[in-house]
Each structure stands twice: as C-alpha cells, then as structure tokens.
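First, one chain by itself in structure tokens, the form predicted on its own.
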Amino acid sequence: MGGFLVTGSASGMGEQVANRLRADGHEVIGVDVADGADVVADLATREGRSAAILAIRERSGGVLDGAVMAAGVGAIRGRERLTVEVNVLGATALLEALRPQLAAADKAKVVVFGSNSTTSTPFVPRRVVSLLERGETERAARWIGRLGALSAPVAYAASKLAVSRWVRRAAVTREWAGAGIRMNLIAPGPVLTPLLRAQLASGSGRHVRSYPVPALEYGTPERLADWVMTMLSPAADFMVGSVVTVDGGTEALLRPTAWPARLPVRGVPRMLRLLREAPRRGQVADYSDI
C-alpha cells in the first residue's frame, strides 16, 4: 500500500508538501491537530502520539515510502512545554515507532524539519539540549521557564537542536541507513507561514523584521516544498544525515567560517575506531563491479 506520512499537514510547509505529493499521484497520510487531517492527533501528548502511530500503521498497510516531519510550534512565550514536546517527541517518537514501516519500502526517504535557529540563536543552555536529547521534556521545560524573556526562543532553538542531533546520530546507523532509509534534515530560516505573518503583524513585528536575511526576502512554503520534494526523490539516494539550510543567507552571515570545519584532533580516535569497526558493522561494501 505504501504512501507518505506528513505531519503538520493542515497548514504552512506541511500542507504544501502534502499537496505536492498528492498532485504527483502519491498516497499521503496527513497528521495534524486540526480537524480535516487524515489523522487528527495532538503530538504534544503521549496519548496523541500513540494514537497517531496506531492510525498511521493501519493506514499504511505496513509500508511507508517516506515521511516528512513538518509539525512544529514556534517561539511563543508561555508555550515552552508545548514547543519542546511537539518539536522533539512529535518527530522522534513517531519515527522510532514507524521505522519498520519505512524499512519495508525501497529506499524510503525521511525529511525532518529543523531550523537555522540551531546555529543562529545564542544563549541556549547545553543542559536544556541534553535533557531534550534524552526525551526529558518536562524537566527541560521547567529549566527553560527560569529564563524569563529568553524562554520562548531558547525553547524553540533547543528543541530544534535536540531533534537535529537525534537525526544526525540515528541516520547513519545500521537500523536506518543500513536498512535503506535515507533520513535528512531541512533547516529553514524565516518562512511566510501563518505563524510568521501573525508575528509580523503583532506589536513585536519591528523586531521580527530586524532579523538579518541577506536575500532581503522571506522564504515561502512553496519554495521549501520544492526542496523537500527533492529530498524525497531518488536524487537523495546518497544523502544520509545531511542538513540542508534554506534561510536566505542568515546562517552564512552570522557564522561564515564555522563550516566547513576541519576534523579536530580529538575526533581522530573516533574516526580510527569507526574504521576498525566498519567491517563488523556491515559498513564496507564491495565496489569492484561498479
């Protein structure tokens, strides 16, 4: 049966991706908290995530050709717990549970929405990111709550850091890449979604507009959907654990020399260990017939 899973399918970038997939003839299982989605579920709760997983398994017939994890909550004061629950567990919990359905397809593609906030937001405590990486969202939210005016942007950036690191770590493993699943991240900058439009029209709109974007324009859901469609296509067969930044140049403006970065000396022992372990991990192939 197959098809594609798209979370956050009722609006913004998720809606655009779902529409594009359907227009190309694919079956889509859209998940959103809003009425009208194929699967209506609140990914901010354990119960909502569990219900979504069960419904997706039933609708997919045991096979998923790909998944786009676009559901997310922005930097909104007072909604820090909601932000970290949806942005982290709303992606990782579903993907972990649905990995067998993805592995059952031929080179399934997974695109997880990260953010350029992971590299452009300062003052994000390592402690918060570590808690989120372990799935301890309640403790992380309490920690964030102590930060006052910084709580909303920190919750957002920390949640996107945590989910991005999860993707990078998981994507290269035997369970994911070794099973034929190609999982990658897209990191947008400011995109004209309903959330950004509301922020621009609010009393803080002046501050939002002051955010540096060298391209002198915002992204659009349609443009981001173009990138996602490429990352779901055979063009991404050799992409594993990559981060595609589509942000109008902000990340390059703020951190022009941060990447590409040389392998630090402390990384050499890990590299040598991985080279020794590669045959046991099944990561060495015979290319003699290429």
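Note that residue numbering begins at 1 and tracks the sequence as displayed. Since the model is a prediction, treat every value here as computed from it, not as a measurement.
We do not show the form predicted in complex with another copy of the chain, though everything after this point is about it.
Per the 4.5 Å heavy atom criterion, another copy of the chain in the predicted complex is contacted by stretch 156-164, the sole one of 70-78, 156-164, 84-92, 136-144. With a 4.5 Å cutoff on heavy atoms, residue 58 does not count as touching another copy of the chain in the predicted complex; it lies far away. Although the partner is absent here, residue 101 lies well away from another copy of the chain in the predicted complex, with no heavy atom inside 4.5 Å. At a distance threshold of 4.5 angstroms between non-hydrogen atoms, residue 210 is in contact with another copy of the chain in the predicted complex.
Using a 4.5 angstroms limit between non-hydrogen atoms, residue 271 touches another copy of the chain in the predicted complex.
Residue in contact with another copy of the chain in the predicted complex (any heavy atom within 4.5 Å), chosen from 97, 152, 195, 172: 172. Site annotation in the predicted complex: the residue of 28, 37, 53, 224 reaching within 4.5 Å of another copy of the chain with a heavy atom is 224. Applying a 4.5 Å heavy atom cutoff to another copy of the chain in the predicted complex picks out 236, 237, 238, 239, 240, 241, 242, 243, 244, 245, 246, 247, 248, 249, 251, 252, 253, 254, 255 from 236-255, in order along the sequence.
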